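The chain that follows stands alone, in the form predicted on its own, written as structure tokens.
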């Protein structure tokens, strides 16, 4: 392996940001689209050193860049990646060109501003997944809010104001809790550096409250039941690219937060609250699937299915065994690929029929066989059909659940059955339903083939050859599991009473 001669992660964060400002030198919508597509391809090329120089089997942070930023407050520009964040960084960068292509004819107003938001969003998301300083992480976390809000509020559907405001208020509430936790870690831990905080052992009383603040912030972002209500509204009103980014990247920030912060920084509290988190995860799986089963708006079906699928992810995280953690990270990646693909397909059909109601889009198998071929592939993967990528992740979560407790395993079986039911229901109607009106359907064009074929390749690649993904993630997940167990055992929960400690602190402040 050779050392990379330039700061790879910094280039991945700031290249799309600088390129976004370059948009203002272009005139004409076509020029803007072509420029953004070229930028997205260059961003992909800039990520090649990550593939060639990433040390497989290492749990350490790699490609580390560390510079003093605000010396007086001990804030650093501190970036790095490991087996957990590596996959999320690649997923974020890979989604950008697909979003440009699927918006090519869909976005006709404020084209330059729209692509500015896409590039800005990519920069912020890569920053979130690579930050190793709490303040830097928070800056990128907040920066991501602005372009996502604009994507829904400006280019969204008829109820875009309601959906964007709801998205903003929910995520802002989560951000406030996250900020409180960050300040608390600095006061108690003495640093904002995440790797150094991961080496410390905090008292159970502190972990108790820090876990709750972090968990609420990340549960809103996932979103877990019952904090999920902003997601269907945001998905339905967002333009296609907005839905793709929401499903593929933004939801992963919440589960990434659980893996990066809750488990390593508050291990004893994570184990203490694990039964509660498992219960909420199972509720998300069942509730999300059941509601998706009764929807006629295709986008709502996929939106509620996301609530259900992300329930599998949070369940895997809080099972605290290796199979569960592997399954969770696999599902984070797989959900980004498959659900992103399904939202792009919904965008393609909406451009033709101008409706997302399933009864306005019946019988497409006769007129759009290629479209239904891709739809069938993503639908099969969505409910974990063997040979597809989602099968690997769901199977690992199932194994982890049964290893933890046969009762937990038994409780998520209906979730998998419901997922198959709602995806088969909608797929059968789209493929073989009696066409209600003739709309002059045209099958996929070259651009649509291109942006659908890429995720389709990864459906098969990860489903049939998951070995490389295991090698990327396993060392980091094994270290995480061992650290959580060791540090949780080192904390004496019985001697500490968090509620009493909090009440005494309040009384001291009042005095």
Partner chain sequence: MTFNPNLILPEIYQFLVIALLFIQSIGTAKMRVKVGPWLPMAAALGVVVAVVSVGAQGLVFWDSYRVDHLSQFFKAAIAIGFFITVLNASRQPTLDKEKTVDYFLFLALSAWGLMLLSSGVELITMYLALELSSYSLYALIAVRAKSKDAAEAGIKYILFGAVATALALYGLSYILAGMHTTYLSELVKADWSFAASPMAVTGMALFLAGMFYKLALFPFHFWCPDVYEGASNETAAFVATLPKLGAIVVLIRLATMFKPGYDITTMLAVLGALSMTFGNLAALVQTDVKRILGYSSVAHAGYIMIGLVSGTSEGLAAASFYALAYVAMNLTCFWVVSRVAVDGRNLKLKDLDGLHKRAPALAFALAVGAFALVGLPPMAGFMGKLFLFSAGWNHGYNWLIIIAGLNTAISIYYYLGLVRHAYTKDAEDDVPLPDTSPFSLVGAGLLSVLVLALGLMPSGVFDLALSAGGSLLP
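Small disclaimer: the values here were computed from a predicted structure and weren't measured. Positions refer to the first chain, counted from 1.
Not on display, but discussed next: the form predicted in complex with its partner chain.
Among 417, 279, 370, 173, the residue placing a heavy atom within 4.5 Å of its partner chain in the predicted complex is 173.
Contact with its partner chain in the predicted complex, defined as a heavy atom within 4.5 Å, holds for exactly one of 428, 290, 274, 184, namely 184. Its partner chain is not shown here, but in the predicted complex it comes within 4.5 Å of a heavy atom of residue 192.
At least one heavy atom of residue 70 is located within 4.5 Å of its partner chain in the predicted complex. When its partner chain is considered in the predicted complex, residue 90 lies well away from it, no heavy atom lying within 4.5 Å.
Contact annotation: residue 200 falls outside 4.5 Å of its partner chain in the predicted complex, judged by heavy atom distances. The stretch among 244 to 252, 149 to 157, 98 to 106, 282 to 290 whose residues place heavy atoms within 4.5 Å of its partner chain in the predicted complex is 149 to 157. Shown without its partner, the chain has 135, 138, 139 in segment 125 to 139 as residues with a non-hydrogen atom within 4.5 angstroms of its partner chain in the predicted complex.
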